[in-house]
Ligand SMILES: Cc1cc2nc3c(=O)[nH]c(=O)nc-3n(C[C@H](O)[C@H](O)[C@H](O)COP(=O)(O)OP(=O)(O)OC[C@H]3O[C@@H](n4cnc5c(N)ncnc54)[C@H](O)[C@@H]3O)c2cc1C
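Only one chain is given next, in structure tokens, and it is the form predicted alone.
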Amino acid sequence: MFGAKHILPKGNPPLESAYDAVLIGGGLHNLATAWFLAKEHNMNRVAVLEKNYIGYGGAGRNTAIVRANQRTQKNIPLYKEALDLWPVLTRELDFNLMFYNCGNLNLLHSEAAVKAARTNIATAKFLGVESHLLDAAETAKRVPALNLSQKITHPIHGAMYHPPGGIVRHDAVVWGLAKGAAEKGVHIHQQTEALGIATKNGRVTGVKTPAGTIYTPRVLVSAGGYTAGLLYHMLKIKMPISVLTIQAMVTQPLKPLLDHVVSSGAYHVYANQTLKGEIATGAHMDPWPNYTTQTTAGYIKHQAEALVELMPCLAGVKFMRSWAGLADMTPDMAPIMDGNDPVEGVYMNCGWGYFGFKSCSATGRYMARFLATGKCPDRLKPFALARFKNHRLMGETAALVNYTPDN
């Protein structure tokens, strides 16, 4: 990915017949897990298997925004820890991840939204996350390009301001984690498909590949939008996940006009300005489950109309390229991190939707601890798969997915 062959050690490592752990999927969560397994648990007989190339999926298709202003007491600490880890990882990996905490502005378009933001801000502050409520005038001072007219579709009443948030260069994170893990002895096997998971007496025994079976007592499946399909195909484990396309695009380079990440739930749009001057923008997911990564004219039209209404100075600016990725959504819009049930030695990390990049640093650390000790860390316990069976859904948001246990 993006010249990753120049980051990894020269020559592909041989695919050995046995490893202490095999991680299926070459995205950020597995690369972070591999790094922390080697660094903090002295486990370097680890293989990362990727059917295509590292960062092929969501890791290379997101818009690089990071933040810790989620809604619930179970989610916020995980995202805060991830946000705090970016400068630490930059130092430990000796790799510039281009972390820039420019701050996030979530626009508010009604009195009801302002009241809801007060609750979110109070929760964030209670958990040690900096967050502020801005009125319309204060919001305009931070982003002068915003349209404060009362004649637009959704007038701006203010914003929820989260200073620690910002952006991290997503491909740099892939490179840095892969380089760091490989230097500690982890084997990263690109263009190596996992064909199946072998089990015996309720325990994992290995992973099947075109080159034969790799024997291992631990397997972690974390392949973004493909995880649910892999778990069902390999182990008949049904996951409460719907896969939806999420699209994004960038404009031609412009002079600096956005000092913060700006988002609007009412307009279904977010935007930030890259180091090259492009406006990177995206919106909500496509409303139907699918596995396509194609972009659509309707989406481009929506983005253009929303951006121009919010920031009229963008009228006439050209979109230069667009792309799409897959979001694996759960009914409560919170991830699933679990292991040893129903198959001992099999772990899963999935259901992140469009929040996976924001959390990968901290999640990798906790999943590494889970694999190394076999005991689920307290931080991950609320995200167990059993919460759906026990009707204990997280309160992050209401996300509708087409799922029943028999589907």
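Quick caveat, the model's predicted, so the values are computed rather than measured. Quick note: we count residues from 1 along the sequence shown, nothing fancier.
The form predicted in complex with the named molecule is left out here; the points below concern that form.
*Asks:* Heavy atom within 4.5 Å of the named molecule in the model of the complex: which of G180, G165, G225, P335 fits that? Just give me the one.
*Replies:* None of the other options qualify; the answer is G225.
*Asks:* What is the one choice in W35, Y366, F357, Y347 with a heavy atom within 4.5 Å of the named molecule in the model of the complex?
*Replies:* Only one option qualifies, and that one is F357.
*Asks:* Run the contact test on I65, I246 and G325 with a 4.5 Å heavy atom cut-off to the named molecule in the model of the complex and return yes or no.
*Replies:* Yes: each residue has a heavy atom within 4.5 Å of the partner.
*Asks:* In the model of the complex, does G27 come within 4.5 Å of the named molecule, counting heavy atoms only?
*Replies:* Yes, G27 is a contact residue.
*Asks:* I'd like to check something about Y270: if you look in the model of the complex, is any of its heavy atoms closer than or equal to 4.5 Å to a heavy atom of the named molecule?
*Replies:* Y270: yes, in contact with the named molecule in the model of the complex.
*Asks:* Answer with yes or no whether A59 is in contact with the named molecule in the model of the complex, where contact means some heavy atom within 4.5 Å.
*Replies:* Answer yes; at least one heavy atom of A59 falls within 4.5 Å of the named molecule in the model of the complex.
*Asks:* Decide whether N120 counts as a contact residue for the named molecule in the model of the complex under a heavy atom distance cut-off of 4.5 Å.
*Replies:* Taking the distances in the model of the complex, the answer for N120 is no, it never comes within 4.5 Å of the named molecule.
*Asks:* Tell me the stretch among 216 to 224, 120 to 128, 141 to 149, 89 to 97 that has any heavy atom within 4.5 angstroms of the named molecule in the model of the complex.
*Replies:* Flagged stretch: 216 to 224.
*Asks:* Since the partner is left out here, which residues of 362 to 387 would have a heavy atom within 4.5 Å of the named molecule in the model of the complex?
*Replies:* Read in sequence order, no residue approaches the named molecule (within 4.5 Å, in the model of the complex).
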